[in-house]
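Only one chain is included here, represented as structure tokens and corresponding to the form predicted alone.
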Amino acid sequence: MRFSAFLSVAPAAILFGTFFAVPLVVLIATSFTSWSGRSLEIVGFENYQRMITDPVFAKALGNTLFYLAIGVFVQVPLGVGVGIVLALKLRGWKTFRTLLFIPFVISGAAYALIFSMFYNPRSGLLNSILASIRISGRDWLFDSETARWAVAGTFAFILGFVMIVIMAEIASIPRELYEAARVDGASELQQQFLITLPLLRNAIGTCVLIRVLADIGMFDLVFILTAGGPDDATVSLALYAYRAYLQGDWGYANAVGTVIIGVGAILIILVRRLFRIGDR
């Protein structure tokens, strides 16, 4: 029995060790070194001290938290609201569900290319719309005042994933609860606030958790749209680490990666405790 149990667990354990545990240990260990791929020298906390004093790192951390906040406080609530409305199965709900889900299945790179044309200062759709109502346009992606908001605008309204999760969770709520509430005189709005929302706690928490995991390592959208510019106004932690890697400063890049994992772990713990994910 023990040998059979070992055999059944071994493949998963090997995969976990190969693709998660070992790389994580290497990442953390090399973050205390000056490593260029050819030479390796232990430098202690020098990489972290350098990080703290680098103003670009502060910008990258602030931008990453900004993107994360947009995902958590804009994208998730909008997705929850749309999911609740579509779950009522009003006329045309299937069409709207399909239209809202399509952007989610488009790759981040393709989405970034689409929005780079949308934000184009000369021929972009956004400036054309503004010009039609006599409002002067801007170079949205390369103006330091608007660049970060323009990047956030490319993903803030991709509601498909949250919408589908919420609709699936609502479908599992017993209909008897709503019937009893209607008998007691509860309006449709009261039913949504007093029955649906409380029972969506786990689903909403899961959506927030996934949003945190996605946004803490945001790279492709920023890289394609602005490459972190202008003047590092949009640079994220992942892009900041990538720059260090390209410069051959692998130890420093891994120190930034360790910070990303640390910040992500803290946020995940906070989200799990806040939403009591897994509790009935």
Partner chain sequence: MTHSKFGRAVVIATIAAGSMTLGACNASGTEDAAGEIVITCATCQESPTDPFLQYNYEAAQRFNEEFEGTYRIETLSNANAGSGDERLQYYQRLALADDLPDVFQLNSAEIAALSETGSLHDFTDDLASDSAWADSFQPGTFDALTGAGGEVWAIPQQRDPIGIYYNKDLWAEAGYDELPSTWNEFEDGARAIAATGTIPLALDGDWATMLMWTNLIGTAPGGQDFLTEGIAGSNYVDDEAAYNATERLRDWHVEGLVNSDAFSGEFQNAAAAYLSGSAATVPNGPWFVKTNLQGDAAIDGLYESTGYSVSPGWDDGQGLVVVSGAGWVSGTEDQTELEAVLAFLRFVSSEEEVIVQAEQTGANPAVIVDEKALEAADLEPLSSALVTASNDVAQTYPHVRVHGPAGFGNAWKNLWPAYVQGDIDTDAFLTRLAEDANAGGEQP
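These numbers come from a predicted model, not from an experiment. Numbering follows the first chain given and starts at 1.
As for the form predicted in complex with the partner chain, it is not shown, yet the points below apply to it.
For the partner chain in the model of the complex, the listed stretch (231-239, 210-218, 64-72, 23-31) containing residues with heavy atoms inside 4.5 Å is 231-239. Candidate site formed by R243, Q247 and W250: every one of these residues places a non-hydrogen atom within 4.5 angstroms of the partner chain in the model of the complex. Note on contacts: among F155, F115, F161, F142, the single residue with a heavy atom within 4.5 Å of the partner chain in the model of the complex is F142. Contact annotation for R122: at least one heavy atom lies within 4.5 Å of the partner chain in the model of the complex. A residue is said to contact a partner when one of its heavy atoms sits within 4.5 Å of a partner heavy atom; F223 meets this definition for the partner chain in the model of the complex. Residue contact check for Q49: none of its heavy atoms lie within 4.5 Å of the partner chain in the model of the complex. Mapping the unseen interface onto this chain, G37 counts among the residues with a heavy atom inside 4.5 Å of the partner chain in the model of the complex.
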